[in-house]
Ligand code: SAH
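Form predicted alone, single chain, as structure tokens, below.
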């Protein structure tokens, strides 16, 4: 704009930049998964992932009958305070919260970079770098803008907050009743192991999380997702599966079993497929809905924090 005062131009540039982020690195997997490293105005970086969940379908004449289905995995912080022992993001420690604009920018840029129509519905999961509920105000502001018809018009039913379990913030979020979905990174059925995996469990133990989840308003067509990262010889036995069934009794829950994604320097190992199937079959036999998340992007820096760490080492 040329027809505004110079001092206003400067103020707009400083306070309301349009280019709040730029893509500095992309890795693409053979399965269509793309990992992005974003750099923000202050030079700090965070990751986002585009997951191609279903490819487009065509009829005999080559006409598209169903379009692609995408899930965007979005970061909420640069680094993380939680310090999970299985996560590479923990190595870099916590740097700062992302602003609402920086959270939204990841979605806008992923759509642009992949030629996804602006009005195309995608699923958003706040499961990238950082603990979303630790950046509560900026996260909820971003959700409101993303879901607004004059914003990105992506329904809150398509937005899932994945949290390590800050029970007080789960209750606060529930009272706002935004209509978002909830995913709990549980990963263990007793406080001893969970504290080893997620040190924050000392402050917000399993019981406090379960009680907060029971109060959380969930769309009747949806369930509360419990993420369970399966680690060889740590939590992959049937005894743990039985404890999990009892723990989630009374909650309209779905368990998502996740293969541990190995990275250099980790003492944890990926479980066998047989152990995963046995675990799943036990949960299903007890009436608990359970799926095994197929690992995507395993041939690239797919684990959270891997691409950031890799680029930092190269520099």
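Positions refer to the first chain, counted from 1. Bear in mind that the values here come from a model prediction, so they are computed numbers and not experimental data.
FYI, the form predicted in complex with this ligand isn't displayed, but the following is about it.
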**Asked** in the model of the complex, does each residue in the set 163, 187 and 260 place a non-hydrogen atom within 4.5 angstroms of this ligand?
**Response** yes
**Message:** Just to confirm, with a 4.5 Å cut-off on non-hydrogen atoms, which of 225, 206, 127, 241 contacts this ligand in the model of the complex?
**Reply:** 127
**Message:** Which residue, 146, 173, 87, 110, is the contact with this ligand in the model of the complex, using a 4.5 Å heavy atom cutoff?
**Reply:** 87
**Prompt:** With the cut-off set at 4.5 Å between non-hydrogen atoms, does residue 229 touch this ligand in the model of the complex?
**Reply:** yes
**Asked** Going by heavy atoms within 4.5 Å, which of 46-54, 271-279, 251-259, 30-38 lines up against this ligand in the model of the complex?
**Response** 251-259
